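Only one chain is given next, in C-alpha cells, and it is the form predicted alone.
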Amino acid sequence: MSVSTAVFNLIALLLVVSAAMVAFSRNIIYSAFSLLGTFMGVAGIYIFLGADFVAAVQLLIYVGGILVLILFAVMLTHRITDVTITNRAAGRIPALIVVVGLVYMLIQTVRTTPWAAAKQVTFASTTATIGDAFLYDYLLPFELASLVLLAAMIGAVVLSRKEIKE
C-alpha cells in the first residue's frame, strides 16, 4: 500500500466516522464539532481529486464561516442541552430496513461493476486559471455580481434597522 493510498484511507475513515457522529450523536454540541471533521474530510477528498481551489473554498466558507456560525448559534442558545426527546425509538425499524436494503444494493453494485483502471493523471493548479478568468474573460459579470451582492447587503441593513421615533 502506497503512502497516498494510506492517507486517502485515513481521510475517508475520518470523513465516515465524523459524519456518523453528526448523525447519531445525542448531544448537539458533539454533532456540531463532528461536523468540523466532516468538512475537513471533504476538503481532503477535494485535494486528492486535484481541486485545490474547491478545497480552499471548502475550508474558508464551510469551516471558517458556516461551522463557526452554527457553533455560535448552538452555544448562545440557552438550555439547548436540556431538551428532552420523548420518543427516541420512533421509526427505528423502518429506518433499519431501509439502511440494510441500501447497503445490500451498494455491495451488489460494487461487486458487479467492471472497474477499469484509470490512466495516470497529472494534476495542475486550477486557482491561477480561475483567477485569470475572473480578471480577464469574466471581469464584467464578476463586478456586476459584486454590485448585486452589495445592493442586497445594503437592502438587508435598511430592512433590519429600527427607526428611532422622537
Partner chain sequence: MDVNLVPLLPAVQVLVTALVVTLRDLFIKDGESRGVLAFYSLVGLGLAAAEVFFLLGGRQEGAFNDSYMLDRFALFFALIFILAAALTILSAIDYVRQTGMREGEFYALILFATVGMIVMAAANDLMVFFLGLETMSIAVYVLTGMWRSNGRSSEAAMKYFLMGAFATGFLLYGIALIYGATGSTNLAQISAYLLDQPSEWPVYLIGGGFLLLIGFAFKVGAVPFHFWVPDVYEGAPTPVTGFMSVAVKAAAFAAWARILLYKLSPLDNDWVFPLWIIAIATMTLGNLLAITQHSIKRMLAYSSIAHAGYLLIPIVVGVEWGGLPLLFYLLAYSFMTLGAFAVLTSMTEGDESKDGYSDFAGLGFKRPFLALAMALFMLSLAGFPPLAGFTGKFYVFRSAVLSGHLNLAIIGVLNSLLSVIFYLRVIVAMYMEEGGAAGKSFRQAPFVYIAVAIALLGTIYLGILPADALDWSRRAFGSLE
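Positions refer to the first chain, counted from 1. Between two forms, the rigid core is defined as the largest C-alpha subset superposing within 1.5 Å. If you're wondering where the values come from, they're calculated on a predicted model, not measured in any experiment.
Only in words, not in the display: the form predicted in complex with its partner chain, which the text now covers.
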For this session: Verify the contact flag for Leu13: yes if a non-hydrogen atom of it lies within 4.5 Å of a non-hydrogen atom of its partner chain in the model of the complex, no if not.
Result: no
For this session: Please run the contact check for Tyr138 against its partner chain in the model of the complex: heavy atoms, 4.5 angstroms, yes or no?
Result: yes
Exercise. Would Met105 count as a contact of its partner chain in the model of the complex, using a 4.5 angstroms cut-off between non-hydrogen atoms?
Worked result: yes
Exercise. Do Thr109 and its partner chain share at least one heavy atom pair within 4.5 Å in the model of the complex?
Worked result: yes
Exercise. Can we say the CA of Asn27 moves by at least 2 Å between the shown form and the other one when the core is superposed?
Worked result: no
Problem set entry | Cα displacement of Leu10 between the shown form and the other one reaching 2 Å, rigid core superposed | no
